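One chain follows as structure tokens, the form predicted alone.
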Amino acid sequence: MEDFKVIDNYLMVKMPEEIDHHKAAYISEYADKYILKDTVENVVFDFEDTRFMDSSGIGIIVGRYRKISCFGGKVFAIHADRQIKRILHISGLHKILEIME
């Protein structure tokens, strides 16, 4: 699956153009498999292609944060546009996730 890549100890998750309930279940399931089986210490969500995210996208991030933080890991967001950054701030996710410029 090219949407998920492990680079060093980082799980890179390429987020889709639109994140809705159906895609969220799939992304969460696959990300968890990587978090639990590989030597993944951190999760990076790449929002480069993402134009829309509803509350299920927030759920993806919170769920992965809960899992990875048990192991002392961190969660990052990269390539988030103004709209996605706004959602991350309004939802309070910026407190648990590092938003990289």
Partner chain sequence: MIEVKTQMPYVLQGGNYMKNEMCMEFDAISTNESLARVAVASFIAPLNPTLEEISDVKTAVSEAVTNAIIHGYENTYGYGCHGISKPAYVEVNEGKVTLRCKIERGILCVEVEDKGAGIENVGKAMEPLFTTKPQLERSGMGFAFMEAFMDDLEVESVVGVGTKVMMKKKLRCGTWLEHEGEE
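Predicted model, so just to flag it, every value in this text is computed and none were measured. Positions refer to the first chain, counted from 1.
What comes next is about the form predicted together with the partner chain, which does not appear here.
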Practice prompt. Please check if Val75 has a heavy atom lying within 4.5 Å of any heavy atom of the partner chain in the predicted bound form.
Written response: no
Item to complete: Find out whether any non-hydrogen atom of Ser69 is located within 4.5 angstroms of the partner chain in the predicted bound form, and reply yes or no.
Response: no
Worksheet item: Quick one: is Ser28 in contact with the partner chain in the predicted bound form, heavy atoms, 4.5 Å cut-off?
Response: yes
Item to complete: Could you confirm whether Ile58 comes within 4.5 Å of the partner chain in the predicted bound form, counting heavy atoms only?
Response: yes
Practice prompt. Determine the residues of 65-101 with a heavy atom within 4.5 Å of the partner chain in the predicted bound form and present them in sequence order; the list may be empty.
Written response: Arg82, Gln83, Arg86, Ile87, Ile90, Ser91
